[in-house]
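The chain below stands alone and is given in structure tokens; this is the form predicted on its own.
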Amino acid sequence: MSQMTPEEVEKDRARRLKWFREARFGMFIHWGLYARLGRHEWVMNRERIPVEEYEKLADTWKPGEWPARTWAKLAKKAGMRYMVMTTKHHEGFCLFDSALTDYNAKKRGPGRDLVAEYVEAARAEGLRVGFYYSMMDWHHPDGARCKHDEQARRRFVGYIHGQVRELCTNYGKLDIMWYDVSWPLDAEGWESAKMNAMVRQLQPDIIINDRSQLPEDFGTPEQHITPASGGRAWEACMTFNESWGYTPIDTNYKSAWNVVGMLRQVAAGGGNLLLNIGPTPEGGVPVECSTALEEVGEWMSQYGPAIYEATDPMQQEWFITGAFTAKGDTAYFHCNRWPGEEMAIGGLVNKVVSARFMGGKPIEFKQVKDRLVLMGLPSQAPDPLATVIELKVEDTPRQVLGAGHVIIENDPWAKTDK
């Protein structure tokens, strides 16, 4: 990368990001020793469990047979196009076979390389493969000491770089390197530029997130959906409940309705949704997650193009009955609160040429200035998650509303009927 001109760097980045920008939906998997306790992935830190006590979990963890196959099949069914799994979380336990520590799944309780199983399962379903790797490490003796001790920093950075090298060498072609928590060092302390150059040398097509304290290829807003500026690639990572790891006492799960709403929101902003599951110690998917994802998959099988492809920017306002995605001269109104037999959409300043249920029948409508009324609708929602209505308009779709009553001057059309 250092030998490329800035223009060449951006061209190469665009090449590597092409699939990612089209993927839209991915599965995040947080799995580790913390699942044995079932009280959040930060349980070791929050409950101040001593390293010696927590480490014993490594010998008692006995996952079921190849659970990653179930995850990958569910991801594919849900309409997801890639997966990202924790190879090492903050607790320091490695799910892969590492030559740099015996604190790993191959040498302790599981007795096998869980990352290798995940990679094979994802590829079997045609899904792109991503590795999450936490730079923070509560188990390594230099994990905190490195902040104040240069010799400790060198040892710890060598360990982190060495494990990243193992991940990029031992599992074939990778698509995403997803770093997390870079405490307690800065980019210079981590030698992040050197580490990421190594990653790209080993994996020329890989994309890297922004959590090694360098911007790299894409942003990762967490637990909120905020589009990046300037056309930068981005991915909102979200939990199903309030926890990343398996936490059965945390029962505030998102429904399929919530997930479909998030998908519309990321698509409208030109980004991706990375939605997390926290498998049980055995590797099972919580039923709340699997049920919702199956419902989402059914919805995506009908309305997928309004998510995957309809990512043109569109000026729009909040609206109680739904919101838009757009592509070219088509606005897709995702109605997730059905009003009944008639629906009005205010502020659409384009002349509407046609209206229909996406993939279905035309809809009768009338339009006066910036008020569009859809008529003759069924009394109940055709799809309770979101019924998508396809509106062909003149010019680029745009919805403009204000706090007060808006009168459009210089009407873009002469007639006020359809």
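Residue positions are given as counts along the sequence shown, with the first one as 1. Fair warning: this is a prediction, and the values are worked out from it, not measured in the lab.
Unshown form predicted together with alpha-D-glucopyranose (GLC); subsequent notes refer to it.
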Legend entry - Three-residue site 30, 180 and 222 fully in contact with alpha-D-glucopyranose (GLC) in the predicted complex at 4.5 Å by heavy atom: yes
Legend entry - Per-stretch contact check against alpha-D-glucopyranose (GLC) in the predicted complex, the hit in 65 to 73, 386 to 394, 40 to 48, 367 to 375 (non-hydrogen atom, 4.5 angstroms): 40 to 48
Legend entry - Close approach of residue 326 to alpha-D-glucopyranose (GLC) in the predicted complex, 4.5 Å, heavy atom: no
Inset, instruction - Spell out, yes or no, whether the shortest heavy atom distance between residue 81 and alpha-D-glucopyranose (GLC) in the predicted complex is within 4.5 Å. - result: no
Inset, instruction - Flag residue 237 as yes or no: does it have a non-hydrogen atom within 4.5 angstroms of any non-hydrogen atom of alpha-D-glucopyranose (GLC) in the predicted complex? - result: yes
Inset, instruction - Mark residue 334 yes when one of its heavy atoms lies within 4.5 Å of a heavy atom of alpha-D-glucopyranose (GLC) in the predicted complex, and no otherwise. - result: no
Legend entry - Of 190, 96, 299, 132, the one that lies within 4.5 Å of alpha-D-glucopyranose (GLC) in the predicted complex (heavy atoms): 132
Legend entry - Listed residue that, although alpha-D-glucopyranose (GLC) is not shown, lies within 4.5 Å of it in the predicted complex (heavy atoms), from 90, 140, 264, 128: 90
